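In the block that follows, a single chain appears as structure tokens, in the form predicted on its own.
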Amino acid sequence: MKRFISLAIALFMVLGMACATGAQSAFETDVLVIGGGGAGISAAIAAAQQGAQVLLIEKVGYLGGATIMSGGKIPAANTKLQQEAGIEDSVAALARDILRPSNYSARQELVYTVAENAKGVSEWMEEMGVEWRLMDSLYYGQTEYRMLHSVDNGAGMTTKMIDYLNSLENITVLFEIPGTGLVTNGKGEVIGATANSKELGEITILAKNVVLATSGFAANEDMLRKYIPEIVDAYPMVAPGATGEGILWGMELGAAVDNMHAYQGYGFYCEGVGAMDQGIANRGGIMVNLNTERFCNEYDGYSQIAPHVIAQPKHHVYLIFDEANAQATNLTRYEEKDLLIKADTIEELAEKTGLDGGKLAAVVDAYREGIEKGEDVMNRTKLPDSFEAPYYAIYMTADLRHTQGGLVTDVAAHVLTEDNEVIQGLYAAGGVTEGFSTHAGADYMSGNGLLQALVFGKIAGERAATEVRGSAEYVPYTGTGLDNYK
């Protein structure tokens, strides 16, 4: 990491002092990036590659944000790994799969921008040392094998990007410097930001252009209660810096926001172990709440299942499965933590879990009838061959990963007002911006958030480094993708 003994010395040497009088110090740089997750790292690198002097400030003591916590997976069409595997794919098919969960109501220009740039951004990251593998599983909602998985997950991918960032002499990274607001001039243009330094107190950093990469609001309970109350009680598997202030700063300047009710959850979380293998449910496991009731189709998207779990009594359920499923699952970590319940009969399982024995027997009988028919009472058709003793249960909840709403931008990452006017000097990328998985709720396709952060982070950095504040214009989508829906 680029660390400095003294913030004051670092700013003097790298940025130069613009003003040292009065109670507040001011400094200058070409591009200021606020936030050091995947979007911020991408923006800083892209801006530096254009020759700009870049300052990245991060409020916590490390880089990575939600990206370093992710699985390190993005969907991309027509990659060399697909070609080597003999897989035929298309940008149109990728875009269609992303659009399907929102019933094609998401902003299609954003979807096509990421779909068209996914291959290129994956290759750009390879130049930084990121290693991709083509996954051999067909992810929920996708019609082709296109998911790229970084070696060592999000942590490995982010480490490679950080190493590359640290090799660029025109990027300065300062930690534990939380931004406190945006600075504008008399024309309403963004000319920098204020931040808080333990050494200097409140400082002002002036910049030719500013990139907001401050993430969403998954760690801000007040905003969650306002916009997404149904997921407030989920386990918070969120980046600690995702507190939503960048969205609020933009709104103070008249920026438009959208999709504030959308989010990504994960429907299988066990305290003491962490994220669970969804395969247990996919292979035939059923979820039963504390009232001994099944409540949803367990063969659904992992994010879509999350609010169903959280809506149950005490926000917890039991995931119940049989011996064949257990043999196909690595249960070691549950056994080591004494979190795996095993029983030879349904009656014994009910006793050990505290569930109602008669109700549980009825639930299992109904499930077996569904298996025989090929469709059960939850309209589940992806069913096991049988459901036989011994039985197993794991007590679980669901978690929240990140929010999917925020500032509205054009395809060049300019932040826009309600009238589609560009807020001069201000760019945004990643979780601070409007997502495109859905307008509300947990509909989500794997990799959307990370892909959006990387693609638009790169675009934001390039634009912030090359455009002159005051002359930026709204950039419409000019590709041919939208012709598919005309």
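Counting begins at 1, following the sequence as shown. Computed from a predicted model, the values in this text were never measured in an experiment.
A second form of this protein, the form predicted in complex with a small molecule, is not displayed here; the remarks below concern that form.
- Message: Counting any non-hydrogen atom inside 4.5 Å, which residue from Gly267, Gly72, Gly405, Pro101 sits next to the small molecule in the predicted complex?
- Response: If I apply the 4.5 Å criterion carefully, the residue I get is Gly72.
- Might Val455 be said to contact the small molecule in the predicted complex, defining contact as any heavy atom within 4.5 Å? Contact check for Val455: no, nothing within 4.5 Å of the small molecule in the predicted complex.
- Does at least one non-hydrogen atom of Ala213 fall within 4.5 angstroms of the small molecule in the predicted complex? Answer yes; at least one heavy atom of Ala213 falls within 4.5 Å of the small molecule in the predicted complex.
- Item | Any non-hydrogen atom of Met276 within 4.5 angstroms of the small molecule in the predicted complex | Met276: no contact with the small molecule in the predicted complex.
- Message: Even though the partner isn't displayed, in the predicted complex is Thr438 close enough to the small molecule, meaning a heavy atom within 4.5 Å?
- Response: No, Thr438 sits far enough from the small molecule in the predicted complex that none of its heavy atoms falls within 4.5 Å.
- Query: Where, among 288-296, 200-208, 213-221, 102-110, do residues come within 4.5 Å of the small molecule in the predicted complex by heavy atom distance?
  - Reply: That would be 213-221.
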